[in-house]
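Heads up, the chain below is alone and in the form predicted on its own; it's given as structure tokens.
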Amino acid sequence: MKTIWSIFKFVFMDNLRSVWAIAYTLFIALSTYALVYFTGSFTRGVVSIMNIIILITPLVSTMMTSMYFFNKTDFLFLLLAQPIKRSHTFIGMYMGIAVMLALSVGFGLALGMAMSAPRIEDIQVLLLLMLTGVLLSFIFSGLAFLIAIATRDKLRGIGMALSLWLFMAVIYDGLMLMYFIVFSEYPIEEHAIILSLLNPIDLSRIFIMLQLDVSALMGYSGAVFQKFFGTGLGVGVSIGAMLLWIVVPQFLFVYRARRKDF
């Protein structure tokens, strides 16, 4: 654990001093403040803020993690040459960048909210958005690490990470819509729930909208999701699915790293 902590601290501080980390935090803060300012209240702008969090956070997490991994190969080789467990090396690096990204989202949202003079009832919504941003940061950092370890080529690795984000953020929704249209005459409610659990971006969007009680904006599917995700069991399943999206990539990239010849 001491080794993991040392690597984590170095990677975290290295990323914290990065211009990109500062720019990312300021972008979240200024976007939050601008949306609240132009809509007149946090409640009116929360859907737009949600869209920024569930789309920009995965994109930035995948790209910054991939670029950091490939740009720090010399540092990685130095660590691998030491009498340190490979699992400790990669977990420490992953946690360092994932925690930095999560703090950037959380601090950016809090700063943007503070500048817009929030009301007491807005705090709960803010915490919900912060939790979602933190979970997505950990999820997509882990997926980016898994991709980076699987390939040595920097351009290919970054391209694969970007393609993964594009698929989950855009293409997946289109495929789901086609599926619902083609099989609209059949009972596919359970399929819709299962398909949502297979995409953390969709799952985050549904979870936030249901907690904000704006499921009517989702049409018929909103009633289906409300029936399941609106219950205590549904909330537990959705949070459990998000945690699995964090744990499983960690297990896979550690497993891969132990057997990969760097």
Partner chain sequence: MITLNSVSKRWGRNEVLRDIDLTIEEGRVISMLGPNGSGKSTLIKCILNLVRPNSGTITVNGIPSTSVESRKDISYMPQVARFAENISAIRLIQLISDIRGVDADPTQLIEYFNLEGHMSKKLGVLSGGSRQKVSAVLAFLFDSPIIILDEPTVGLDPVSRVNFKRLVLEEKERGKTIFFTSHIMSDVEEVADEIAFLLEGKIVYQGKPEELIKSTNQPNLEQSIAHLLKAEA
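The model shown is predicted, which means the values in this text are computed figures rather than measured ones. Positions refer to the first chain, counted from 1.
The same protein has a further form, the form predicted together with the partner chain, not shown here; the description that follows concerns it.
**Q** Looking at the partner-bound form in the predicted bound form, is L126 within 4.5 Å of the partner chain by any heavy atom?
**A** Answer no; every heavy atom of L126 is more than 4.5 Å from the partner chain in the predicted bound form.
**Q** Taking heavy atoms and a 4.5 Å cut-off, does D153 contact the partner chain in the predicted bound form?
**A** Answer no; every heavy atom of D153 is more than 4.5 Å from the partner chain in the predicted bound form.
**Q** Would A114 count as touching the partner chain in the predicted bound form under a 4.5 Å heavy atom rule?
**A** A114: no, not in contact with the partner chain in the predicted bound form.
**Q** With a cut-off of 4.5 Å between heavy atoms, is A148 one of the residues that contacts the partner chain in the predicted bound form?
**A** Outside the cut-off, so no.
**Q** Determine which one of 95-103, 140-148, 156-164, 70-78 lies within 4.5 Å of the partner chain in the predicted bound form, judging by heavy atom distances; exactly one does.
**A** Within 4.5 Å of the partner lies stretch 70-78.
**Q** Heavy atom within 4.5 Å of the partner chain in the predicted bound form: which residues of 1-36 meet that condition, in order?
**A** Contacting residues: K2, T3, S6, I7, F10, M13, D14, R17, S18.
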